[in-house]
Ligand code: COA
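Only one chain is given next, in structure tokens, and it is the form predicted on its own.
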Amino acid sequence: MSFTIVEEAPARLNRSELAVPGSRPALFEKAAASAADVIFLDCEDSVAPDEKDQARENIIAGLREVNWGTKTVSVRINGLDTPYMYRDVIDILERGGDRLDLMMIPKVGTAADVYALDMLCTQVETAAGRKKKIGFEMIVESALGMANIDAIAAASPRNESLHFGVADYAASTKARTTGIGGPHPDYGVLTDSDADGARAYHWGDMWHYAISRMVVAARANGLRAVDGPFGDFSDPDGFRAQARRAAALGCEGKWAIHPSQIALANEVYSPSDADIAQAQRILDAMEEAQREGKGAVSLDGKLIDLASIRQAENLVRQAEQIAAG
């Protein structure tokens, strides 16, 4: 291990993150009763410009009046380039009570964006006497944000998670797609001809680099890595496929833009019973080897190294979090 120790963000279940428009307060109670791990009440993209002020008021009332149980609750504020952002931060922190856990910053482009929000939140918290310090979720959804992702991830001790905003990222990079997440038929490779002259075309994952890059920046700074939206909520198989590939790359959760996607995300990002059992066997084998004074640990004829043990500990810890939730 490096002598530089990475401090981990607060441990929160983040398998599913449900987006709820602030302009639709009738959905707040339903969201609170859902199986989502995290709920973000939205002031930004899902709210029309002429509804921004009312959506903010709805969120303030919802934070104070709705029973959110043990859920992590976040608010996505408007962008720093809008005339709405400062009121979102000030009004919600001053008048929304102490229930809010996180603030989601959209379209983060530079570390200075995060610094500006940190300064504003710190001033409001101090003036209002807030006891709970707000954490930050940051959406990387532009070429500028991806270029500065390492600095963004390290910009504030409030930082807890990085999210990939695929739709705006596609627009920013001028990618040839109008879908929100998912594959593209033009992003693939054609094999050479086989003995019969036949060739096969294999689709690829056009978002592989962006998600992998986000995961590295997040984990290097102790943050959670969360995959963003999958727009076609009528395609559960497509959602599962995208969630699984993000999980394979190191993400620990995915957005749900429709309630039907909550169970899918929880399914993909929860360890299976077999995974948990195997992880516990690894930890038991390690303990037995330590009792016997053995320097090496083996299980089923395979050597267990420190990385295997850490992965097993993470799985067991996650299973305990799920059971406690």
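Here the structure is a predicted model, which means the values were calculated and not measured. In this text, residue numbers run from 1 along the sequence as written.
In what follows, reference is made to the form predicted in complex with the named molecule, a form of this protein that is not presented.
S.K.: Residue-level contact is defined here as any heavy atom of the residue lying within 4.5 Å of the named molecule in the predicted complex; does Ala31 satisfy this criterion?
M.R.: It does: once the named molecule is placed as it appears in the predicted complex, Ala31 has a heavy atom within 4.5 Å of it.
S.K.: Indicate whether the named molecule has at least one heavy atom within 4.5 Å of a heavy atom of Arg12 in the predicted complex.
M.R.: Judged by the heavy-atom cut-off of 4.5 Å, Arg12 is well away from the named molecule in the predicted complex.
S.K.: Would you please decide whether His258 lies within 4.5 angstroms of the named molecule in the predicted complex, comparing each non-hydrogen atom pair?
M.R.: Judged by the heavy-atom cut-off of 4.5 Å, His258 is in contact with the named molecule in the predicted complex.
S.K.: Heavy atoms within 4.5 Å of the named molecule in the predicted complex: does Ser46 have any?
M.R.: Within the cut-off, so yes.
S.K.: Of these, 36-44, 264-272, 66-74, 50-58, which stretch puts a heavy atom within 4.5 angstroms of the named molecule in the predicted complex?
M.R.: Careful reading of the contacts points to 36-44.
S.K.: Can you list, in sequence order, the residues from 14-41 that come within 4.5 Å of the named molecule in the predicted complex, counting heavy atoms only?
M.R.: Residues within 4.5 Å: Leu18, Ala19, Val20, Pro21, Arg24, Leu27, Lys30, Ala31, Phe40.
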